[in-house]
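A single chain, nothing else alongside it, follows as structure tokens in the form predicted on its own.
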């Protein structure tokens, strides 16, 4: 996804402008892309359906007509973020592309899973929407959905990927570190703070130029 335009609208890869009228499902997808960006930047309490509508380029009543409420919209965005992430993990797990013969199959799989997580940085707000959801454990609806989603990710590492508990913990811990770095927009300090520069080079040894290009900056609206 390209960075948001100056007007505040979110560029949508899923529904390109072809001049034809979008279907309800295509428009729903467009709104979810915008919702991830807005909720990611503002959090559940700080975001409004009006902001999401403006980011998606639709009217606020249309958002309400499709989703009913901000709570429903956030739950849909959370479900979309989890679905995208797990789909990326499963695609990486199923990838049979030949790897460096000096790398074990298990390490090659782990590298592909990690790359899938990093690739999702291009979906503006995805990691942050998940992080916001994980802070809403006391919310009767969002808390329950967030816990279920968190457990699904753990089960992926344990049951589908076949990692032991310590390996699964390490994967999730590194993912949380990356999400925190994105949410802090600490990329602004890359190059000027030696410790932050070291941290980025450690977390993104092969994808650093691309990551630096797509990460949201402190001046970005979303």
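Source: prediction; values computed, not measured. Positions refer to the first chain, counted from 1.
Missing here is the form predicted in complex with the DNA; even so, the following discussion is about that form.
Using a 4.5 Å heavy atom cut-off, are 81, 106 and 111 all in contact with the DNA in the predicted complex?
-> No residue of the spot touches the DNA in the predicted complex.
Exercise: residue 62 in contact with the DNA in the predicted complex, heavy atom 4.5 Å | Residue 62: contacts the DNA in the predicted complex.
Residue 49: touches the DNA in the predicted complex, heavy atom cutoff 4.5 angstroms = The answer is yes: residue 49 has a heavy atom within 4.5 Å of the DNA.
Touches the DNA in the predicted complex: residue 183 (any heavy atom, 4.5 Å) = Contact check for residue 183: no, nothing within 4.5 Å of the DNA in the predicted complex.
is_contact(residue 22, the DNA) in the predicted complex, heavy atom dist at most 4.5 Å = Flag for residue 22 set to yes.
Report the stretch among 193-201, 173-181, 157-165, 41-49 that approaches the DNA in the predicted complex to within 4.5 Å, counting heavy atoms only.
-> Going by heavy atoms within 4.5 Å, the stretch is 41-49.
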